[in-house]
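Take a look at this single chain in structure tokens; it is the form predicted alone.
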């Protein structure tokens, strides 16, 4: 293992987790959450948070068990060489595909909302160049950027849905009646990707300073994301109603437009929102791709030069990958397929790792007790 400094504090880990989770998903969550649950759609992000929390708890356990190590090192130790290596490969591949999807979604939003005359390729290349520049530096730079940008992300994430309540019709939340618990669970599984990004902690936890509180960082990040998503869904339902939400491609962006028309003091509120949102997406994609490239570096036991070359080379296939979906319908379809695969990578594998490690610890303790006797 490389001898790198561990200098991430609790707040920096919290910043990384929050920045990784809140991204493109916030623009579509009111529509996704109300598709099956209708006026009780706010239960969707709560259910998905419960699902994701189990995996987060597993990752925190693994982080405490293997201080200084990333998933690249401890997966083969827990699962054995062959299965562990396969899991490492799947994790890296998933992050690569997920980053490509997020970049394309980002490009679609910008082209359809503020820069309709700008080619999609130009927007994607600009973002990828910024991320590539980030990936050419050591991992401390990632922590500093997340820490620097997180205040600009936190305040508007809460402000925008709260301000949109000026146009709320609270009767849209009624009647409070659950038609099917099956739909609640299905919506929870469909929307758990709102919180994906937490799995990157299997990389960043390795750089936590001794004494850093991994559990506090994780739960703080999850709690804040949960609050943001729930009030965003409630704002969407109360302003538009669940029927209208199904006709909106980017419902949260429409919330911002409605707020502006209602006489909020900022002119061009939509542009201000998008400017802040760009910073949010940049940190999401940056953290994702950095973890991917850094994992390759650790996997092949290379140094910063390998990481810089990989960061440059990997952007070429990633750019072409983002252009594979021919339209927004194909893009959403691809995202749904990736969500199903991601459930294995981000939920099942961390939980199985933690359970296996826990059983192994108990077995070793029992054997030590027998030896002492």
Partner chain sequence: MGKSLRCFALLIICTLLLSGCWDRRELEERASVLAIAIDQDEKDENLYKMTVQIPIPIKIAGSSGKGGGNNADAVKIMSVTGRTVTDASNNLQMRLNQRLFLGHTRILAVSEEIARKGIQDIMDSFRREPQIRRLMWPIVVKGKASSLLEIKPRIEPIPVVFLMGLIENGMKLGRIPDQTLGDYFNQTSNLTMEPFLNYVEARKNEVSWKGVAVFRGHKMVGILDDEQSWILLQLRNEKPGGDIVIPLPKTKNGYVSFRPHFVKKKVIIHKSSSATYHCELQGDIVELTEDLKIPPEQFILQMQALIKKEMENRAKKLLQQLQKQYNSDILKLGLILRAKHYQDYWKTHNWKEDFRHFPVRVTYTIKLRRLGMEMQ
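Residue numbers count along the first chain shown, from 1. Treat the numbers as computed from the prediction; the structure is a model and nothing was measured.
As for the form predicted in complex with its partner chain, it is not shown, yet the points below apply to it.
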For residue 303, is any heavy atom within 4.5 Å of its partner chain in the predicted complex, or not? no
Does its partner chain get within 4.5 angstroms of any non-hydrogen atom of residue 294 in the predicted complex? no
Close approach of residue 118 to its partner chain in the predicted complex, 4.5 Å, heavy atom: yes
Just to confirm, residue 171 within 4.5 Å of its partner chain in the predicted complex by heavy atoms? yes
Among 240, 198, 91, 74, just one has a heavy atom within 4.5 Å of its partner chain in the predicted complex, namely 240
Check each of 184, 258, 274, 158 and return the one that places a heavy atom within 4.5 angstroms of its partner chain in the predicted complex. 258
Answer range among 75 to 83, 172 to 180, 98 to 106, 190 to 198 for contact with its partner chain, defined in the predicted complex as heavy atoms within 4.5 Å: 172 to 180
